[in-house]
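First comes one chain, alone, set out as structure tokens in the form predicted alone.
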Amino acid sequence: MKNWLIKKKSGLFCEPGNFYIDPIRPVDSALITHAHTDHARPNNKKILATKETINIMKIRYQDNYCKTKQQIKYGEKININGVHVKFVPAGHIIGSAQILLEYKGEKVIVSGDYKRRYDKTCQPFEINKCDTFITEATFALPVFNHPNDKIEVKKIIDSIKGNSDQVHLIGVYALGKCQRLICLLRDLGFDETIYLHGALLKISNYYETEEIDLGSLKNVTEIKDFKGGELVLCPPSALHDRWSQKFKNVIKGFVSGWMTIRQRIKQKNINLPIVISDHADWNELIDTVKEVSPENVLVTHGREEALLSFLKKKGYNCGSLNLLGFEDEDD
């Protein structure tokens, strides 16, 4: 790794800029790639992030999200103690960004989490050339080849039509996956009211303020008698807790890239697995490295070994960054 980027206990530290990127504990100055809680933690003294990331952090953490905030627009370049910083779209969720750092003629991109599929709820991934590319590797195994998301969503619609006497209870992550799924359902002509667990409402309401139309949504508490045919979205953790016991005749689904793995489906007792990921799959990770065309590749938070082995065979100078504290269950 460049001698001006250092791995510390709190995370990836830019020494000349005196800031961390996605620190895992509170620091004086942090650049935040996106608002998922494993990347955007509370109580930093100062943060730099996109408007959407800052707003979602405020929704989640309220007054504890930071002491001082600074918004940055995509493509805007700022100078922090001689380090030129630019945020470019990562295509992961709303407001997500890759962070491009330029210092003494060297360019480094920290990818954060990213995906390459079209998603109307966020800006698409943008290719930028660099000397060193620090890439995530959540799905960096050849077994992961994400299917067409519209075909996967049609499985939900078809199941509702074919099982109109049952409630469909679908687990989705509150930020990004929930809103992307709703938009995909709407695009395929599903215009019925979608009922949301309370934990999904605030962020979905925020998406509406950003002019992302999610159609008719209601809190699940607004309906007392589920007769069948309803679609209810909830956090994955709620699929098997006490809250879910109110639904008597139910088909349980889970929307995640991990639904490729049969053992995960069995472990989570899922009737309707839907394979939709907000991360790049194996081929997309490789294609991204090729398009970015770096001299050096550092791989972090994921299935690092297979990707490193492949890239080394292709002649890349690469290694594992081994950053701690990033979860692989936010997909």
Partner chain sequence: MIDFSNLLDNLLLNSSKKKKIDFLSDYFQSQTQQNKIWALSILSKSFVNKLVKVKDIKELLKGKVDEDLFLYSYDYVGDLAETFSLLWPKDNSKIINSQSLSSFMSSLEKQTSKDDLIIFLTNHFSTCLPNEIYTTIKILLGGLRVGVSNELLKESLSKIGSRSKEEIEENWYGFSFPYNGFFEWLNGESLPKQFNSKDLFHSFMLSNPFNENLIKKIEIKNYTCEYKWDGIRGQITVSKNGKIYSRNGEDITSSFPELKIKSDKVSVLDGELVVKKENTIFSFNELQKRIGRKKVSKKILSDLPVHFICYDILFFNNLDVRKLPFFERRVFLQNYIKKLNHPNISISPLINFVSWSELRSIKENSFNNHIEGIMLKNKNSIYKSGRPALCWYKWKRDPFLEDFIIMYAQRGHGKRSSFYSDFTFGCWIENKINTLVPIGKAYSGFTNDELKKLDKWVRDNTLERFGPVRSVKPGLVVEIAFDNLNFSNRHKSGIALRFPRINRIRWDKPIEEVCILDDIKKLIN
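Numbering follows the first chain given and starts at 1. Remember, it's a predicted structure, so these values are computed and weren't measured experimentally.
This next part talks about the form predicted together with its partner chain, which is not shown.
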{"property": "Full three-residue contact with its partner chain in the model of the complex, heavy atom 4.5 Å, for 143, 267 and 305", "result": "yes"}
{"property": "Option from 252-260, 100-108, 180-188, 198-206 whose residues, in the model of the complex, bring a heavy atom within 4.5 Å of its partner chain", "result": "252-260"}
{"property": "Close approach of residue 13 to its partner chain in the model of the complex, 4.5 Å, heavy atom", "result": "no"}
{"property": "Non-hydrogen atom contact residue 273 with its partner chain in the model of the complex at 4.5 angstroms", "result": "yes"}
{"property": "Contact label in the model of the complex: residue 282 to its partner chain, heavy atom within 4.5 Å", "result": "yes"}
{"property": "Contact label in the model of the complex: residue 121 to its partner chain, heavy atom within 4.5 Å", "result": "no"}
{"property": "Contact assignment for its partner chain in the model of the complex, among 322, 317, 309, 18, heavy atom within 4.5 Å", "result": "309"}
